[in-house]
Every structure is written in structure tokens, then in C-alpha cells.
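Encoded as C-alpha cells, the following chain is the form predicted alone, with no partner shown.
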Amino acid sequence: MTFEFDKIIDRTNTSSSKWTKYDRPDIIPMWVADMDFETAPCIKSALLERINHGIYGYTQPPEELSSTVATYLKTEFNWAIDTDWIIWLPSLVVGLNVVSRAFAEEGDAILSNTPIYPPFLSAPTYGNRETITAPLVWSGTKWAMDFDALEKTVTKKTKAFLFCSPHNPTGRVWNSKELNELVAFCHKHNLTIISDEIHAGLILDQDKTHTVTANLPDAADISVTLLSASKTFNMPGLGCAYAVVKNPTLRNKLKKVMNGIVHHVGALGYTATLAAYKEGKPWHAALVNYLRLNRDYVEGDLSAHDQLTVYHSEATYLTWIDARRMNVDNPSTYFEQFGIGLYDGAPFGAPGFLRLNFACPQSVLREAIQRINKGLEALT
């Protein structure tokens, strides 16, 4: 079966957050992590069938959904779970916020690395918890966790580690050695590991695989894993995510914080997730191949410019770029003049950097890269 990733789909007049950000309609938006591809045909078919039923009342998870999730996690990541470990959430960002409240008290601290997806930095503070960070370091070949910096940053008030795997925005696929060192660090300091693994289905390097943090020795009882089909299958607007928590004490803490605050998942979110995990594998495989070509094009073209350092994305559909050598006040604002909308690195804790989303048809990507090139040429 072939899939039409080259198809141009007009997203104007759909209230798309991605496409309504800019006042100028000529700007190509490549900021938020939202793909410009139709989702898998099996998901569209399942949604249409559910919509045609005509009644959209309060909905429980479909009977087979939890077992389908368990099968998917075992097949894809060799992670065996019990279905009662699953807690459904309306989005992963909601998950980041409720776990920040569940596993740290007001006045406590939650540790993370920078650069990082912005809700990692805001979620603790929204709940009157302190956000503390230690920067990732560039080893010369890859981004890495600096455990010396983490040791200097952690305090007695620190109760949890917000972790991103694969990493957004750098695209790192953490290996077992790194993950085991993280687990040992969290045991040493009595930290709950909250691991956002929403990009686990988007490994682009063919010599790498995703390792679930909670599936490592000694990790399960201190881990909360946040997952969703939304990034892999391009359906974040349907609002369906879940936490997997083996430790019943941690699971009950999370449920208690959610009570009366976190709304249930909608019917269409459940429907789409079930279809994705049951029937979406062929589309997913084709998507990863397409994204790999896009990634290679972006890295190959932009790496030729002295003003940019373009980091290799082992996973995700995001490229992390150091634009500080451009010597402009704000690189993202600068490129908007040339009709390209990139994510400013400042909310990630990295001013002067940019994040580029390459999950779009290749014709759009070529035009976007040409516009970036024009912007860089104008500086010389």
C-alpha cells in the first residue's frame, strides 16, 4: 500500500494552531510539533464509522483498548505491562502538569534538563513547585546528560525528574547505558522518574531503537511513563494520552490528584488510538521512511552554512539548530521576514537556538529551506 505524503493539504480555515500563528499567510509554519500529513487511512475510517453513529456521549475506554495498548508496547518496545497500570489522560501536557502535582508538594522542586519542551519548565511552576534545570552538553558527536551538573543542581527539596525520551528538541535516542545511569541517579536521590516518551514511535536512525526507561532493571517502581499515539499518527487535536505506572502507590497518587480536575478522554480520541495501534503499522513504517528523507535533506542543506550549527536528529521530526552565529537579536523573528516560521529556542531554555519541524511534503520543505538560505545570504 502506498500513502500520499507528498499531497498538499490546505489547512487554512481549519483553526489550525500551526497555521494561524502568523498574521502573514505567506509564512510557512514549521514551529509546533504537528505534521502536515493526513493521518493513517485506518484511523480516518474508524473515525468516520464512529461519527456516523451520531451519538457522542460520555465514553469509557473501548473494551479492547487497554489490551491493544499492552500488545503494542510489547511488540514495539519489548515492554510487558499489565493493563491496570494504564491511566488515561486527555493530553500529554495535562499529564506533565498533574504528575508535577502528584509527586512533589508545594515548595518542592522538580529537576529537568535544558533545552527541553517548554511545558517541562512551566508545569512545575503552575503548581507552585520549583523548576530546576541542568543543561545537556554537546560531546562533539551528540547531546548528553551531564551527571556532574545534575549532582550539583539536585537538592533535598527535589522530588522528581522530568525526562524526555526520545529527546525534544535535540532528537537524541538515549541508550541503555545513559538510561541506567539516570535510574541510578534517581534512586540515589529518591526521585520519581517521569518519562515523556511520546516520540518513541519516531526513531529515524536505523541503527537505533527506543528503550522504555521503566523497562530497565530497578526502574519500574520509581517510574511514570507518559505516552500517546498523537505524535506518531498526527492526531494531537483528538486529545488522548495515557500514563503507565507499575507501582500502585505512585498510581494511586496520580489518580488522587486527577480526581475532579482532569476530564475524561473523548470518544474520538479513544477510537483513533485503538485504530492506530491495531492497524496503523504500514502507514507508520512509510511515514518514518519519508521523515528520514526529509531529515537528511534539512541536515545536508543547512549544515553548509557557517552561521548555523545543525544537530543530527536521531528521532522525532524536529531539527535543533544553533543560530547564535547569525548575530541577530532574534533568529526566529529574523526568518519570518523571509516567509518561514521557526520555533524560538528561548522557551526551551536556549535563546539563540531554533527548532524546525520537517514533517511536511517535500515540495513545501524545499521551498522552506530556500527561504532560510535567502535569509542567511542576506547576512553576508
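Values in this document were obtained by computation on a predicted structure and should not be read as measured data. When you see a residue number, it is the position in the sequence shown, counting from 1.
Omitted here: the form predicted together with a small molecule. The next part is about that form.
Exactly one of the stretches 72-80, 291-299, 144-152, 116-124 approaches the small molecule in the predicted bound form with heavy atoms within 4.5 Å, and it is 116-124. This chain is drawn without the small molecule; in the predicted bound form, the residue among Leu204, Ala214, Cys164, Val98 with a heavy atom within 4.5 Å of it is Cys164. When the small molecule is considered in the predicted bound form, only one residue from Ala350, Ala33, Ala46, Ala323 comes within 4.5 Å through any heavy atom, namely Ala33. In the predicted bound form, the small molecule sits within 4.5 Å of a heavy atom of Ile198. The closest non-hydrogen atom of Leu92 lies within 4.5 Å of the small molecule in the predicted bound form. Interface residue remark: Asn168 is counted as part of the site for the small molecule in the predicted bound form, having a heavy atom within 4.5 Å. Interface residue remark: His210 is not counted as part of the site for the small molecule in the predicted bound form, having no heavy atom within 4.5 Å.
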